[in-house]
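Only one chain is given next, in structure tokens, and it is the form predicted on its own.
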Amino acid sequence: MEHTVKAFDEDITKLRGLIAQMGGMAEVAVQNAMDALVKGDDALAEKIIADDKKLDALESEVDKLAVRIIALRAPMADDLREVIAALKIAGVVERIGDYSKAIAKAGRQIEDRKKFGPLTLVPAMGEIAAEMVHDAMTAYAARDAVLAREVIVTDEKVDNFYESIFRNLVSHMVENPSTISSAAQMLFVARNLERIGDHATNVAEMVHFAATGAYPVDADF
């Protein structure tokens, strides 16, 4: 029995480690995507695109380990809840990596970025989105339901940024028809940042569930 408990604890520790690693990589991907966008750094954009495969591989590893834990350890109650949450969180974090990759690709299509006024709002939105990912993963590591709820509340800021950027970009396109292609890419970037905020919120909701056994009352689930 003691051996079984020890083996289970080791599996859970490994599972948590993989999720933490994924979260760290996803946070860096968001930050790098914004740096590449602002600086026009195509080499960094290529690195983000290439590194996304590492996140995919980690998600696959989490899936296999979670299924193995459920099959061999038959976890109950709190333990089962944690394994299921980890399984779901891995999928969500992998999607955050996909959005960062999409931002990196879109950034390469934006021309005359130094003259492109709407670019000024997007980095601030990206910073909040990256902080949400960081805080959601910190909440996961600490089983912190309070921090998880703070992440959920912060999502409104990202949504407000998106609405502001959308209006700004539409006006910019009307006044500067020659920039429509770049403006469309910038709108795509903002939309992806908004989705990153949504996914960080989803992680926070799952963390809250794993920690308390209940989803936040006001969660959009």
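From a predicted model like this one, the values you see are computed outputs, not experimental measurements. One-based numbering along the sequence shown.
Quick note: we don't show the form predicted together with a further copy of the same chain, though the next part is all about it.
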- Message: Please tell me which of 70, 153, 50, 38 lies within 4.5 Å of a further copy of the same chain in the predicted bound form, judged by heavy atoms.
- Response: 70
- Query: Given that a further copy of the same chain is left out here, which of 87, 110, 121, 145 has a heavy atom within 4.5 Å of it in the predicted bound form?
  - Reply: 87
- Only one of 153-161, 40-48, 26-34, 61-69 sits within 4.5 Å of a further copy of the same chain in the predicted bound form by heavy atom distance, namely 61-69
- Is residue 149 a contact residue for a further copy of the same chain in the predicted bound form, using a 4.5 Å heavy atom cut-off? no
- Query: Within a 4.5 Å heavy atom cut-off, is residue 140 in contact with a further copy of the same chain in the predicted bound form?
  - Reply: no
- Message: Taking a further copy of the same chain as it sits in the predicted bound form, is residue 199 in contact with it (heavy atom to heavy atom, 4.5 Å or less)?
- Response: yes
- Query: Is there any non-hydrogen atom of residue 185 lying within 4.5 Å of a further copy of the same chain in the predicted bound form?
  - Reply: yes
- Task: Taking only heavy atoms into account, state which residues of 160-175 are within 4.5 Å of a further copy of the same chain in the predicted bound form, ordered by sequence.
- Result: 162, 166, 170, 173, 174
